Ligand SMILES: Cc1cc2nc3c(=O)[nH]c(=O)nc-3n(C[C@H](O)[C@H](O)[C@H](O)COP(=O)(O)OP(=O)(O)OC[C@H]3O[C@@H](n4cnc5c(N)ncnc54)[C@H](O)[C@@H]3O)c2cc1C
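Only one chain is included here, represented as structure tokens and corresponding to the form predicted on its own.
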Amino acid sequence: MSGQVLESLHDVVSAEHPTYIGGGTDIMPLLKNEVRDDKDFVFLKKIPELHVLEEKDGELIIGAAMTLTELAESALLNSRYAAIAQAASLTASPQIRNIATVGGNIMQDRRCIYFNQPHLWRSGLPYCFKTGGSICHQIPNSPVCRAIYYSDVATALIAYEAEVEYIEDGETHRTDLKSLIERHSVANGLACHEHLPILVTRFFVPAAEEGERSGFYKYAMRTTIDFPIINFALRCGGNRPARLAAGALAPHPVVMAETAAKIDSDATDDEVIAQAEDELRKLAMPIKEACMTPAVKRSLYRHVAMLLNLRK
């Protein structure tokens, strides 16, 4: 195992076979439990190009090395992009938020109750897709990994229709964040040497409009310390259609377009909640999680109601 602390984007892009590290809060426990075996690390937090938070040319620009604490405490985000600040503030513990970066939070590993265990615990099971095997212990007849993606910040950024800039094979690309996360999700369901060799650099959020409102809601066993059991982010008001996203339900966040349309209509809150429950039954995966059956998780779909006061 080796690591480099680089201070320019040019040097980072020139590194061979790197695993990019922001704060390292996601990958270090995985290395400890021997579920990842990355060898060559490139640490990014000292690169100035990745540390920016500003509104410019009709967009909010967020550098990938911004910490979650910086996002949570930003006056700009709290006043104009509340869902993003709220999502960052509800991730993990204060100590982790002080270290963890938004880029690392977005590119985090997917998790399940079989994968995220010490090596000794997993030694009695066949290797799963994420450890180089050919089975998903969550759904044994599945041809792919079904581990869940738990980022809180991703749900909020997707509700804001964020785009992402990244470097791959020496070239800079920009695409919608939802598409990149879906691509990352597929690669992340394989052994770590097959993960995407990309460097996320910046996120772009369309500038908030006059009268626009947003909010984020998270349900977890121990509030912020745990990964979400479910989360929702809603952006509404202004002159754009409402946008609603949900996370911790599948290998990537899901956009609830039908429910968002109901939010923009004259439907009552009860009708919106009923639509949300119906839509999530189609989008969410019926997977057992720690201490929770799929049936219990479905009862949490109604928690979308916690954001419906933003309609008014």
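For every residue, the number given is its place in the sequence shown, counted from 1. Note that the structure is predicted; figures quoted are calculated from it, not measured.
Just so it is clear, the following notes concern the form predicted in complex with this ligand, a form of the same protein that is not shown.
Undergrad: Counting only non-hydrogen atoms and a 4.5 Å threshold, tell me whether 24, 107 and 225 all contact this ligand in the predicted complex.
TA: Judged in the predicted complex, 24, 107 and 225 all sit within 4.5 Å of this ligand.
Undergrad: Thinking of this ligand in the predicted complex, which stretch from 206-214, 145-153, 171-179, 70-78 has heavy atoms inside 4.5 Å of it?
TA: Looking at the partner contacts, the answer comes out as 145-153.
Undergrad: Could you spot which one of 162, 199, 83, 242 gets a heavy atom to within 4.5 Å of this ligand in the predicted complex?
TA: Only one option qualifies, and that one is 199.
Undergrad: Indicate whether residue 100 is a 4.5 Å heavy atom neighbour of this ligand in the predicted complex.
TA: Residue 100 belongs to the contact set for this ligand.
Undergrad: Answer yes if any heavy atom of residue 44 is within 4.5 Å of a heavy atom of this ligand in the predicted complex; otherwise answer no.
TA: Yes, residue 44 is a contact residue.
Undergrad: Would you classify residue 191 as touching this ligand in the predicted complex, given a 4.5 Å non-hydrogen atom cut-off?
TA: Close contact is absent here: in the predicted complex, residue 191 is far from this ligand, nothing within 4.5 Å, heavy atoms only.
Undergrad: Although this ligand is absent from this view, report whether residue 36 comes within 4.5 Å of it in the predicted complex, heavy atoms only.
TA: Close contact exists here: in the predicted complex, residue 36 approaches this ligand to within 4.5 Å, heavy atoms only.
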